[in-house]
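Quick heads-up: it's one chain on its own, the form predicted on its own, in structure tokens.
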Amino acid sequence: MPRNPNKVFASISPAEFFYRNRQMAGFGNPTQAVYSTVRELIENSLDSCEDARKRPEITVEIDESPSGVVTITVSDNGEGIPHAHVADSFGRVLYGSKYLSRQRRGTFGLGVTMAVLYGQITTETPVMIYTCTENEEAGRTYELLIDVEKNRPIIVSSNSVNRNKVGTSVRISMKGAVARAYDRVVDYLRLTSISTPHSYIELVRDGEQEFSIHPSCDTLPTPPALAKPHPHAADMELLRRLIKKRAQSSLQEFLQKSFQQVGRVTSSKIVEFLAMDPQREVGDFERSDINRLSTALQNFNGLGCPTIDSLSPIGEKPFMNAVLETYDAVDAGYAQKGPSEWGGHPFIVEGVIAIGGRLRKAKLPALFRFTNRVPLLYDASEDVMTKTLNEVDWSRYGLAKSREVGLFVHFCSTRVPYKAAGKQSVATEEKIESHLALLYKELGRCLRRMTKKKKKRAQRLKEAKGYSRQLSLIAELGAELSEEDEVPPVRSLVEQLFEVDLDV
């Protein structure tokens, strides 16, 4: 094949890549852009508040001008951002503090900078940031743009302000479609109040408060801790990075200090399995040695499950109370499966099944998906949670005809296998799928128990009303025979006897 001498080869920056492929990150059109911007800013605010061990107080303001420019402002009471990191955090794609082995809402360091980039290319307006930390006497404001070709921030202005409220406020202007995105934004905020039941969230649109959601739980969740990687997650790249940190260590010492679930006995078994010298320095390992070690660690049997200190499930009581309160449901059940691991990453699946109230009537439970406490509203059909739901025979659990049933499922892990950078659907992994199937079956049994309980309650109410009518007639007859003007009340007596509320 003849070679074209004029062909030009070049690399592009991460900012340039996502500028050209912004739909991959959830900014494909003006409707998605509004929703994704609110979502990304809220995720950062919630993480910041949890890092500061504060109950989140978050205000979302959406303003739309007649020209179609939408301004979204999200303010929080989190820990603030050190000034040295503000410019890169908002003006450099793939820059952040979340590349650690613990449960986090965001992981790519992409979302907020994509929102900034989208605002820049549609309105040429810089993002405006106010931030202040506990250690600073005064806050500071910034106006930033992104140099797309070089993937670096451009500081338009930076000023100290006479204000010391700790937290961060971010304002982004963009071309957006608020009318089409608004219902999604409201759904997202309401579902966020379920997955983060200790938070206060307020929505203001065009200067008017639309609603506020108060906490349904007083307790802050235990923060997820940093964790060493599990040996099953030891691919070539991870091993190279770990060896670089402990190049002088012997193989056995390296295994014990670099991985969780590996003590003296287990490390000896792994070394024996590898048939390597346990005293050999890992810094001397060739590529073939690292490959051999990686294969052995990923396939070694006899390791414990990853520790779950790095995870933060919602928990039975907060999860159920939040669902019951948000949807006015009449009853709910909870189940949890795990901990387990996929590819060396720990995970837990938990769920609440609820009936009645404002839940949609259907022959299958209405599915509400969450990953690492973040609601997922798009691409439901591609998600393993939906796929597994459709494989369950719900008629076995009393759902033979349409009923108001909601299924709220939360998957939490140090790494979520999202299908795309937009983080809207979870890929199918065998272990995750099998644990979801077990979770759904247990929740199905909860549904069956709730159905029986509801029928029993209805039958008891029917009997109580019949008894009440008969007792009322007897009371009226008795009053007439004794020539009493007032008929003695029987209602409270019947309610106590049958333990029901006759008004239901």
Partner chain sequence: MSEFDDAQKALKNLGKQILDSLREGEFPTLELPDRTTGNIVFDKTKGQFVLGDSRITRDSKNIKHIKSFSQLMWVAAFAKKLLSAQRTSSLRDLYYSSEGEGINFSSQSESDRIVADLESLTGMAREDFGIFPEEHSSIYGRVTMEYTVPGYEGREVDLTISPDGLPVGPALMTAEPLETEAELILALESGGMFSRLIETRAWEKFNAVLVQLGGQPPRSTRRLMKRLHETLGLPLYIFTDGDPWGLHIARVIICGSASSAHIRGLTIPEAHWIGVTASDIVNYDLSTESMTDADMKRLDELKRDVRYADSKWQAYIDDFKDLRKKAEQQAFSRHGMDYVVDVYLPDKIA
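Being a predicted model, the structure only gives us computed values, none of them experimental. Residue numbers count along the first chain shown, from 1.
Not pictured, yet referred to below: the form predicted together with its partner chain.
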key: Touches its partner chain in the model of the complex: Leu497 (any heavy atom, 4.5 Å)   = yes
query = Applying a 4.5 Å heavy atom distance criterion, does Gln470 contact its partner chain in the model of the complex?
reply = yes
key: Contact of Gly478 with its partner chain in the model of the complex (heavy atom, 4.5 Å)   = yes
ask   = Hey, in the model of the complex, is Val490 touching its partner chain, heavy atoms inside 4.5 Å?
value = yes
ask   = Which one, 462-470, 35-43, 443-451, 63-71, holds residues whose non-hydrogen atoms are within 4.5 Å of its partner chain in the model of the complex?
value = 462-470
message = So, a 4.5 angstroms cut-off on heavy atom distances: do all three of Ile474, Ser482 and Glu486 pass it with respect to its partner chain in the model of the complex?
response = yes
